[in-house]
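Okay, here we've got a single chain as structure tokens, the form predicted alone, with questions on binding and movement later.
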């Protein structure tokens, strides 16, 4: 009986310690992670979630400057979205954005891949070339756009001078910004020039992560450089390439700085993309409801494109 009594006393003494240990384990597994995530959640809500929700709400109103300040906005439902799809100019803006965005993505990926392949080779001056490749990425977009706009000037620009110097006389005094196609070409060159260094850097890291034994085995089987790139290197880097395409698509679809500085959306709104149209409607026309609707539609388009790319990445990983 004495042993049983002592055992009961030990159990009673151990119960508080067990409850304390369970409480500590619950705190560490359930409460502490949320406490650690709380600062990041506050930042995400303040900088991302609230602006998106606020913009979505404004897109269903007739918010103007006076009504936005006073808070007396009328709910108009889907009228702003209906006006967008019924306006031929705004519909054409979406088409221009898609064509220009995908063209810039293709140019960025092609130039980035070429630069990565070059930097992956061993030659004298590779470090200097790597620094030169990264320089466009470090230049502010507005400053770069101003410099490039001067370079494309029809009278004093170095681009026309260089092209006419090599025998292309049609470019002497050529007005790049008087028509939509050459204007888009000029802006696209600037966009690709500034965005390809990131792609080149990421692909270079991917090239250097590929085991040399795999490439040597392909080489010993008689595969040439192009065949190794097509059948070995790029298939192994397909997930990375798809991620870079996603990032480039998001960047190029929401381009604003280069177009605003170089063309302002002109001539006659012919180079206006969604981001510029959103700025014009919201801050020039002071129609914040329409501007918010355009911003939400751009968000939806980018979300759909991103979902498609993510599904391709998952299928590649599962396959």
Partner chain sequence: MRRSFAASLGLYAGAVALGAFSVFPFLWMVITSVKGSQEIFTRTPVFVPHSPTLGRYAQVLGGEFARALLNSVIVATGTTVLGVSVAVLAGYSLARFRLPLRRYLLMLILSTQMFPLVALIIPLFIVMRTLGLLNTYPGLILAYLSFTVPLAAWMMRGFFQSIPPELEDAAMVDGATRMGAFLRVVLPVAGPGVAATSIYAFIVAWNEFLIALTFISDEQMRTLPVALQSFIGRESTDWGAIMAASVIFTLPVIAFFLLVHKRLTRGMAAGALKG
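Numbering follows the first chain given and starts at 1. All figures in this text were calculated on a predicted structure; none of them were measured in a lab. In this text, the rigid core denotes the largest set of C-alpha atoms whose superposition between the two forms falls within 1.5 Å.
Just so it is clear, the following notes concern the form predicted together with the partner chain, a form of the same protein that is not shown.
- Message: Given that the partner chain is not shown alongside this chain, does residue 234 nevertheless sit within 4.5 Å of it in the predicted complex, heavy atom to heavy atom?
- Response: Taking the distances in the predicted complex, the answer for residue 234 is no, it never comes within 4.5 Å of the partner chain.
- Could you confirm whether residue 85 comes within 4.5 Å of the partner chain in the predicted complex, counting heavy atoms only? No, residue 85 stays farther than 4.5 Å from the partner chain in the predicted complex.
- Query: Does residue 149 reach the partner chain in the predicted complex, with heavy atoms at most 4.5 Å apart?
  - Reply: Because a heavy atom of residue 149 falls inside 4.5 Å of the partner chain in the predicted complex, the answer is yes.
- Message: Test of understanding: in the predicted complex, would residue 270 fall inside 4.5 Å of the partner chain by heavy atoms?
- Response: Flag for residue 270 set to no.
- Note that the partner chain is not shown here; using its position in the predicted complex, name the residues of 49-71 with a heavy atom within 4.5 Å of it, in sequence order. Contacting residues: 49, 50, 51, 52, 54, 55, 58, 68.
- Determine, after fitting the two forms on their core, whether residue 68 shows a C-alpha shift of 2 Å or more between the shown form and the other one. True for residue 68: a C-alpha shift of 2 Å or more.
- Align on the rigid core first; then say whether the Cα of residue 305 has moved by at least 2 Å between the shown form and the other one. Yes: residue 305 shifts by at least 2 Å between the shown form and the other one.
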